[in-house]
Structure formats: structure tokens, C-alpha cells
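One protein chain, two forms: both are listed below as C-alpha cells, the first as structure 1 and the second as structure 2.
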Structure 1
């Protein structure tokens, strides 16, 4: 994928809010009519009905329709207002005031107030829920009246807006949760009470979840009557049922089928890139991979183009150390090295390795879990590294065993991971900062830590970019991660369905179906 196309896709991130248009029925413009039931494929059952308690990718698409956040991350990776009508920072950047929509009601009819917001955020922070880190810079929260929430920050932190707009920050009904044990209440269907455009109607383990239109929704009126999330765990089966019309809407297309429907007149294809990247990472405590030459050798040995051609799907070739969507921050002088097998071998010899009888400098294992494309990528990496004299044994594990071995015990040499690194550029900290949650490499560079910290307090984009450039420089030198692919979607959408989140990327959250409708037959 060309950079120009990436740039075109990239929306200006953060700090820019697009006011919701009161009468923005994009779907109606395209011939959408009210009514109908859409069948959406989902990978599995939700763990609970509480979208903030723990990370839950099966609840996530439904949560965006049942609940609201104060501000939301849109399908186009921009920031839009949700329950907040407006917000402003104080002069010193340490007070953040949200003005809430009026007349909002919970699905059970109880009025929504600023107290719900305070309770939700306080509980997330105090009980250390999944994404408590989003609120780490918050000192205290107060509610001067029912429609106003003021956050007092410890330090000026511009990144908090993006964090509040992302994951695990849905506003929950205080009146449901305050009278019992959260863990127990979270799993009750009766707790699935939100303020969103759809209400939970029924749930059947391993089969489906049905959401019905919230007739009293405070925002733009939803068009569909029902959303049915059907559990089809297997990606290939899901795709086949999509082709056969048994499911209407897919969240992912198997990488083998990415381009199948590009020329099919019955579908339109939306191309989307995320700040989500697949990478190889190393254990810095390993005697071999603790050496920078070995890590650099792997970076030179892998055939990123070959990987992208075979399993790239709707994504892009990874070229930089941060997502290319961060147009303001990508420093083009720090690029992933080109494939150079000779150079990789030279580095290994420089580090003191010699070839053994089988022609290998070193033998090692890569521990991965199965995640759609991981085993295919691993097969390619194995073949690539063999050419450079590194014998790689693959160990494909069940995710539970992998977490224990790699994350908890750091008992690995090489592994592979993918994940979201946004929405703000500060999202990379979770993978490179000393002691950060997803820093599997146990990478620690004081220069990186200092630059990240400094950039969080800075509001000027150009100045922030200077700090982020330092981070990229360190990453290119230390090579804690070898980025393989930018992940994206290449989504076929049936022509008779309009107003999907991909069609209204500034309006809807990534899986919010408020604007989605069928066209008149």
C-alpha cells in the first residue's frame, strides 16, 4: 500500500473533535429505510455484561451499541462527542470539564446523571479495573451539578481525551452496581443497562445475542429494529455464511479471502488501516537475544514484503517504528531495515557466532499463540531465518499456556504479538516503556522513558514530535520489536446495507450501528 493512500486514510487524530450533526442520517441519504434485523458475526460469547471490568473483545462490538462513553473513538480513529455535549481544558491544562447531554435515560428508565460518570470513573480507578491506566493522571472528580463533570488532573495530560475515548471507559449505571458485588452483578443479563441506541433483548450461550432498538434513545434515532450477534467462532465458516447470505455483516475476513469480493458488484469494499501492528519481539534477558546484533540480524533476515504478500490481507507493509497513521509523528529517517540476508549473517558473525555442522549460527524457539494469521507468519519467518542461519522451532500454544509462559514468566526467547497502539501516539508507551503492561521484551531504555513522559505533558504537536522521534531512534537502534505488518481491514459490505460505521467514519464508533440500515428492496 502506498504511503499517499495511508495518508489519505489517516484522520487528524486527537484534540480535534467533530461535533455530531443533529440530523445526520447518512443512511437515509443512501436509501436506507427504518426497520429490519441485521445478523452480525461475532467470535464468541461475552465474558460478562460489564464492558469496563475486564478486556472482552466479544462484548466490545455490542458494548458500543448498549453503552456510551463521554467521548468516543470513531470508526475513522477520530474523536467524537458521545454523552458529553462539549468539554474544555482550563488554562493550566489541569482541569477538564465535561458538559453532559440532558434528558438522557438508562434503558430501565432511570435518569442518567453526572453522578453515574463520577461513580464509573472512580470505581475503575479505585478497584483497578482493566483500563484503570486511562485514569492514572486523574486526581479527583467532582460533579457541580447533574450535567457537569470536572476532572482535576495531577499534571497536564492531553492524552487523557484519547484514552477516555477508547476501551474500558463506558459509563455504567451506578444504581445497578452500587448495591452488590461487581463481579457477580457483571455477569447478570439484568445488569446490561446502558444509555446506548440498542438494548439487550436476549442471550443464548454459544448461539446469539439480540439487541433491540432503544425507542427512547437520546441521540440520532437508530434505524434497525434488531441487531443479532451470531456466534461463529471459525473465521472461514463465518465468511462462507456471509457469502451465502446467512450473516449480513462481518468483523473480519480471512486473510486468504481478502481480495475476493473487490470486483463483485454486490459488495462495496471499505479499506481501513488501524494503529494495530503485528511484530516479533525478543526476550532481553535471553543470552542470545539480549545482544543487539542478534535482534538486528532477525530484523534484516525477515522478508516483510513476502509476509505481506502472503498474509497481509487488508493491511500494509510495516516500514516505520510507529504506525504510519501517526502522520504528525512518523520520523521517516528511522525505517525498518530492508531484507539483507548477507548482512544478517555478518551481524551474527560479528556477535561471535559460528556456523555449526548443520549450517546454523543459532537454534532457538518462537513461542506464539494461534491468532488467525500468526501460524502462517511464523512459518514464513521460520523459512526466512533459516536462510540467514538461524534455526527456528515453532511452538504454537494455547493462549492460556502462552500467557503463563511468555507474559507471566518471561520464559521465552522470541514471540509474536499484535495489538492496538493508539489512539494517541502515547499508546506506544504500553509496549516500550520500562515495566509497561505489554512490554514483553522487558525492554528498558531511560532515554525512551524520559521522551515519552515529556511528550505527554506537551500540547504542541511539533514539540511532541521531537520527543517521539527520540523514541523511534532508540527503537531502531535497540530493535526491541521487529514490525512485520500494519493491520487493517479490507471489508466487503453488501450493497443493500448502508450507513455502517465504515460508511460514516466520523459519526459512529467502530462497531456502532446507529446509522446502519437496509435499503428498500
Structure 2
């Protein structure tokens, strides 16, 4: 007897409250009419048109409409089928078979097949693309026919479905990429060929990207004719454009304006807390931040409550080493330390530092990119660390330059990042497992790696919790990250727009606009 899809989902899903599926289907029909163009604020131009090659937050919202995954993470933090029509595990949990939707075509009319899936996953793993770690448990992939994909796993891995549903696992067209240099092809607009509900129509650098409805989409028919992503990098400017009607849809609201539209009859407000966390991290290969006392000193010096009070918006203060939404796995004995400036200075002195003529134990730099509240947070961190005798210079960069400096070359001492760490508890692995895609710290602890590996093979929640407790213990001792905030959303949506991802959280990915429509005038 095979492990059912239902059981597999039960093993990996984080429980959240979302509308019933039938209600979600009705939501897209709730006054929405087909047609029209929606203008969406986006932070900047995409770095490329390949959503798997490198992490790219500017491509991410568009990628969810251009491409598909086998399995997708929904806006409600659940998991839903995408290009896969069904799947099942073998009895021993080491073979995972996907049955694909038939009749699917790429945007250029070429048929989609199982070989595209195999090529995509094999290339991600073999060429070590951004999230190759998601496929670390895969031994090999075979395609018995054009509509079937079989993953042979090295070990039973209950987390694989959740990993395939997240970032960097969109299925790409083999016929576009297989005969050229991936890096060169990735930046060409002509390579933006997906199977999704919308397809790339035009791109104007620094101005906007237009996606047009895919008339031959294999899934639920998209309702809007076009999606236009306008580049508005500044959050305050984007918010004002939204109020002026120059943009129809926002991804974030400035902290100072979080609650401004709560009582405005022209808007409805959706409030969510995500397994998405903002944190400071360190380069473990740096002579200073390779010392645990220095990392612990930063953790004690930073005023996390003050940061949250100023820029927290619709989120929450970070207190634990994993997301509080992982209620089955949070070990409350391992918490972020309270602010203690004297304690921070004592740790620096313990590590052998003495104050110089300017009153500082240490001079260092934090490299960050321009994104939302990062600059505001960094200014507070700078002031906090100065009180503890750490002189911090801020280097605020464009995201492409930051990625090259921090991710590609590990040429940094401190940095800051925010990111998703779910839906399964194994999501933390991408931040702390040796060699993982967003382990900026280059953190490596064999005890953490072993606990994560054991957890991935365990189906019993209580036993998994024991392994995840070990991970939290090690993180509290090693301090690879200082968690600042649990990121949440307080999103105003115009009353004449329905079927947004927040309205159909069991159907749509976080930025997928398949079901979005304007109401009849």
C-alpha cells in the first residue's frame, strides 16, 4: 500500500486558518468580471528571467505568474498541486512519483513533458543553482513516460514536498536552455517562457514589465487581460502612488502608514503573519565575527523591541530561533537574549578586545541592500552597537551589487536579510545547514546537520521536535543569526478588486494573480 498524498501533506503542512476550498473558488467569482489591466508596484527590475538560477525578489512576484512548479506554496502557507495532478510515495518513502497534467504547453507552443521536469531538477542540483539544497535528498530522477516523473530518494524525506513548493524550483523549458550558456540565456527576455497563466509581453528597463493573459493556460482561466509591474523602489512613493490610483496593488505599506486605511470604506484590510523573518547575520570566516563572543555581543546590544516598535508594522517581535508559527517545534527555553549593553561589552572584553582612543572595541561594516525597512533598521542597529562600543559603518547597496558582494563572494562581516522559513520546519535548514543556499554566514555545525537530517526522515512530530530542539540549542549557543522581527502583512486592498492571493489562500501562490479581477462598475 502506498503512502497517500493526504498523509504526505499532513506530514509537511503547517496548520493555518484559511477559507474552505469551495469558498475560495467562489471568492474569485465574487463580483469579479473578466478583462482589464491591473498595475502592480514592484521594487525593481528582475536580475534575470530565470527564477531558479539565482535568488531574485524582483522577479519572484512575476515568476509566480509566468512559470509553474510541480507543487506550489500558497498564500495561506499551505501546499497545493500545480503541474503535478497527483503524487504518491512508495511504502518505504524513498520513491516519489508525480503524475503530470496532460495537454500543457509552453508559452511558445511547445508541449511540456516530464523531461522538462527532470532537466530542470537535474540542472539545479548538478550546477548548484540557488536552491540546490532543496534537492539534496534526491538520488536520481527518471521519466517512465511523458506524464510521469519518479524521484528516487537517498533516504526517506518527508520534507521534499515542502521544499519543491518553495523558491527556486519552477519548471523551466529544456528546449530553451539546453543548448546554450545558462547565464547568458537567463538575462534574455526571449528565455522567459513558462507554462503559467500569464506570459511576458514587454519589458522596459527601470520602468515596467507587462504580462499578458495566456489564452492557452492549462489551469483555471486567468481573469485579467494584463498585469503591469511598475518599478517604484521607494516604499513611501509606492504608497502615495497607490493612494493616488497610479498603482492598483501594493506588496507592502510603510510602517508609519500601517493602520491608516483600516477604517477607510474604499479599502478592506487583510492581516497575516508569515514564517518570514528579518535577521542580522555574520560571516563566520571573518576574524572578528568568527568569534562567538562577538556574535553574542551583537545579539545583546541590539534593541530588538525598539526596532519592532519603530518599523514592525503588522508583524511581531522575534523571540525564538524558529518561527512561532511552528507551534509543534518551538522550544521556549531557547530564546533571543534580552538587551544587555553591559553584558555585550563584557563579552567583547572576554574575547580580548579593549577600547581604542575613540571608545570603541571594534570597527566593522554592515552591507545591506535597499529594501523596505532595511535602511531604517540598520540605522537603529548602528546606534545600538555604538552604545556597546562597536563602531558600525553602513554600506547600503543596490541588490545586484549586494548579491555579488555578500552571496557570491562572501566579502562581508555583517549583513541583514529577511526570508521565508517554512512551510515545513525543515525550512530553517536553508539558513543554517552546511552549504545551504541562503546560509550567508557560512555557518557549519555537524550537530545541526545531523539533527536536520534525522528530522527529515522522521514522521513522528514529537520525535522530530526533539531533533529540532537540538538545532535551536546550537543556534542559541553559536548565534549565526540575530532574529529581529516576524514579518507580517497589513495589506489594504481596494474594494473594487477581488480574488487576490489573500482572498483565495488555498488556490493562489503569494503573488499569483490567476483569480484576481476588478468588480463590475
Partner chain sequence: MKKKNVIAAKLGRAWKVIRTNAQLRTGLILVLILVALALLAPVISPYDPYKLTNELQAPPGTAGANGAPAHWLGTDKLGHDILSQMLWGARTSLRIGLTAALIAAVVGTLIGGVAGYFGGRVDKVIVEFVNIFVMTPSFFLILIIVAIFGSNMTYVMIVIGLTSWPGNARLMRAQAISLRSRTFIKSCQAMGESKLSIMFRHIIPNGIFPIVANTTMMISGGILTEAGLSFLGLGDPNIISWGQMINAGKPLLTKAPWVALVPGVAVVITVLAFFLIGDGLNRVIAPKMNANK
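Residue numbers count along the first chain shown, from 1. These figures come from a predicted structure and were not determined experimentally. Heads up, when I say rigid core I mean the largest set of C-alphas that superpose within 1.5 Å between the two forms.
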| item | value |
| --- | --- |
| Which of the two shown is the form predicted together with the partner chain | 1 |
| Hinge pick from 487, 80, 414, 64, given that two rigid parts rotate relative to each other between the two structures | 487 |
| Swing of the smaller rigid portion against the larger one between the two structures, to the nearest whole degree | 19 |
| Once the two forms are fitted on their core, CA shift of residue 419 between the two structures in Å | 2.5 |
